[in-house]
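Just one chain is shown here, as structure tokens, and it is the form predicted on its own.
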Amino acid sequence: MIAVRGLSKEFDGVKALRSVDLEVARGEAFGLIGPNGAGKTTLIRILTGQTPPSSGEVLFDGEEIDPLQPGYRLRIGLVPQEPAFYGRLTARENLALLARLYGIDRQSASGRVEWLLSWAGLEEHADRQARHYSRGMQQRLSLAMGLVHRPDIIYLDEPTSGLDPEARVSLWGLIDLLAGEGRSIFLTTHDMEEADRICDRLAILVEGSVRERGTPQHIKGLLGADRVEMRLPAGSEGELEAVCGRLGLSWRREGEIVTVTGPELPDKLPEIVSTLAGRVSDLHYREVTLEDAFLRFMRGVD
């Protein structure tokens, strides 16, 4: 659906993006994750025609395009970090105005606006000025505005930043609906739970460069593993090494705490405990999260 090849961006001698290669399939929810300042918003700004790249190319439906051209921008939607609407207008007025700006005829625009108000759960508040909405309602309105013209791909730039947990889950539900409709989604976030929850595939952007890409499960498997932490007295390393070697697991000691990692760990845990019977205490099992994997990856980069 959208692809970039060798995309770079430089601001006053500072490289914000360094030869980035990415692609998003039709109907895919693709996530770009990374720390603050990694270049995520810069990439979104290029792909939505807000700023030109310094070098590289952007392909849309397999053809090289200039993201600054109006024809391309009519086929994309954008939900920026901060809500984008006129605060003194109501939700209905904001949506109707945007529909007319996109050239949608009045009758079609009216039907589209009513559908979007219902879709975003704003029907009861449709005639209130948007500036009086809660932060979550404002972001739902922004998402609806990004869909007014039925874009082929929608860009979401940290859409749940600053939302409380309830509002965040509500917005995730709307994004799930988009994915269920087969719409392409390009999401930037530094919320690892959000990336794991929403995205089919991810890329990790660090200092303007793509360091890894794949499904959330692939990245978790590549950069981290489920683990068991237990208190084990010194002198048991020989037996621990033997059982871990037999089961294809790894272990490390930090003081009195031993951490065991590896594939299918829950199924292998009984044999570990049996082998070390009577010496294990304070045993805890935890499934690795995408955030665990990302932080361990970042430490490895540093």
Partner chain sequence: MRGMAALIIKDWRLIIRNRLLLVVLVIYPFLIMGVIGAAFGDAGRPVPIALVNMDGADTGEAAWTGIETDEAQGLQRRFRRRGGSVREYEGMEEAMAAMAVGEVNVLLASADTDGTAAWLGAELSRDEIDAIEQDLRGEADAWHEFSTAEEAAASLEEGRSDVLFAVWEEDYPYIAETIWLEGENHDASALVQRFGRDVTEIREYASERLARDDLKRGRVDAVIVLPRGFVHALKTLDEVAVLNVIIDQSNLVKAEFAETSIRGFTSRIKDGVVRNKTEAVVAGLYVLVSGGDFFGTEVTGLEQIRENLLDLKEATGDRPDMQGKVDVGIELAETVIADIEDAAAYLRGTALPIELEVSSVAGRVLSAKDAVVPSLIALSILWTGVLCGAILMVIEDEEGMRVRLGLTEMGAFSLVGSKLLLATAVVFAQSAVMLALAVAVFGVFASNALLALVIIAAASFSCIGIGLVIAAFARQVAGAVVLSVLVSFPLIFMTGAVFPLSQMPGFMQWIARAIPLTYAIEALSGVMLRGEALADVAWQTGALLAFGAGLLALGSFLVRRRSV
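Note that the structure is predicted; figures quoted are calculated from it, not measured. Residue numbers count along the first chain shown, from 1.
Unshown form predicted together with its partner chain; subsequent notes refer to it.
- Note on the interface: of 159-167, 109-117, 185-193, 142-150, the segment with non-hydrogen atoms within 4.5 angstroms of its partner chain in the predicted bound form is 142-150.
- The single contact residue among Arg100, His218, Arg231, Arg135, judged by any heavy atom lying within 4.5 Å of its partner chain in the predicted bound form, is Arg100.
- Here is the short version: of Gly87, Gly214, Gly173, Gly180, the single residue with a heavy atom within 4.5 Å of its partner chain in the predicted bound form is Gly87.
- The closest heavy atom approach of Pro52 to its partner chain in the predicted bound form falls within 4.5 Å.
- Although the partner is absent here, Ala203 sits far enough away that none of its heavy atoms falls within 4.5 Å of its partner chain in the predicted bound form.
- Proximity of Thr48 to its partner chain in the predicted bound form falls within the 4.5 Å heavy atom cutoff.
- Taking non-hydrogen atoms only, Glu93 approaches its partner chain to within 4.5 angstroms in the predicted bound form.
- The three marked residues, Leu74, Leu78 and Pro83, each reach its partner chain in the predicted bound form, with a heavy atom inside 4.5 Å.
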